[in-house]
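First comes one chain, alone, set out as structure tokens in the form predicted on its own.
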Amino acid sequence: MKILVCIKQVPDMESKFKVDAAGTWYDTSDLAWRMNEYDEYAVEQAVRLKEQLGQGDITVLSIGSDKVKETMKKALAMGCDRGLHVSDDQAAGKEPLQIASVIAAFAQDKGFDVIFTGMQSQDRGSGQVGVLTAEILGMPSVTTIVDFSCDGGVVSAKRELEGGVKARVKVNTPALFTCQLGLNKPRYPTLPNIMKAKKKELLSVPVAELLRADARQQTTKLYFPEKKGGGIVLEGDVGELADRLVQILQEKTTVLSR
């Protein structure tokens, strides 16, 4: 079985973010980088599928500057067989349709049976790339999966819907799946596998060779929400606090009005 798993490198979410000089994205300097959390579940599911079948070939794809290769090496150490780095220093400025067109252009003649992506990226959070890729390739997609099994080319997956409701669906391969948190428990790469990953194939191609869609939308401004107001912390004896609270409610609200 041929498997493609798509990953993205994102900043560590504990980072202190600043808007960049252009005012359209975050400043990428002085940030720690990691694999998008949703994509870790996608990589793990790809490796588990190969292990379940006892055979298979997993390609990991990522779009970005040369620094994304470090994140790709983690996927290789987790069990992917080879990597395809789409070199693009301006990847952050591309809309989901453009990213999907790049993935689809690479995948269209490779005969992948299963494609895994994360449900969404932690920085942009559009949740569109996976389903757009499937649409371009003309294959079914199943989103937000939290359970996955494959038997004889038929996949049974459980989807997470709104309000905690789950839906069980079956689909024939080839198909694309977007992975939700909790689908599995991503493994930590062992030292021997990290060493093996250094010898695995990791090719780079320029994005211009695969980009098939023109930009149709543009980010005009990125900004932090303005603070609407502050809170009040009351300290003192209970009786005094009660009197003060009543006074504030009378002055600032209509809660105690008649």
Partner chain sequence: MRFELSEEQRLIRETVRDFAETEIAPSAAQRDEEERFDRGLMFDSLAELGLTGIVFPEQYGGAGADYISYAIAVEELSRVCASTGVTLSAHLSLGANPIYLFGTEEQKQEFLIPLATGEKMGAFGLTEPSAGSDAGSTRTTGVRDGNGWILNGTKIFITNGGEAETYVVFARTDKDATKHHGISAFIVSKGTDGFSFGKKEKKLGIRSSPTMEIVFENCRIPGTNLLGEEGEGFKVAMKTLDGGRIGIAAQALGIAQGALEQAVAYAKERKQFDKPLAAFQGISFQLADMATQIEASRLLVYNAAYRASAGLPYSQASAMAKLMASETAMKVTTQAVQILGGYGYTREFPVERMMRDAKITEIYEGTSEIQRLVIGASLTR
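Residue numbers count along the first chain shown, from 1. Worth saying up front: this structure is predicted, and the values here are computed from it rather than measured.
Keep in mind that the form predicted together with the partner chain is missing from the display, and what follows is about it.
Out of the listed residues 232, 203, 195, 215, 195 is the one that sits within 4.5 Å of the partner chain in the model of the complex by at least one heavy atom. For the options 74, 94, 159, 124, the one in contact with the partner chain in the model of the complex, meaning a heavy atom within 4.5 Å, is 74. For the three marked residues, 33, 185 and 190, a heavy atom of each sits within 4.5 Å of the partner chain in the model of the complex. Proximity of residue 221 to the partner chain in the model of the complex: non-hydrogen atoms within 4.5 Å are absent; the residue sits far from the partner. In the model of the complex, residue 37 stays away from the partner chain, with no heavy atom inside 4.5 Å. None of the heavy atoms of residue 227 is located within 4.5 Å of the partner chain in the model of the complex. Using a 4.5 angstroms limit between non-hydrogen atoms, residue 57 is distant from the partner chain in the model of the complex. Checking 65 to 73, 203 to 211, 23 to 31, 45 to 53 against the partner chain in the model of the complex, the stretch whose residues place heavy atoms within 4.5 Å of it is 65 to 73.
Heavy atoms closer than or equal to 4.5 Å to the partner chain in the model of the complex belong, across 211 to 239, to no residue whatsoever.
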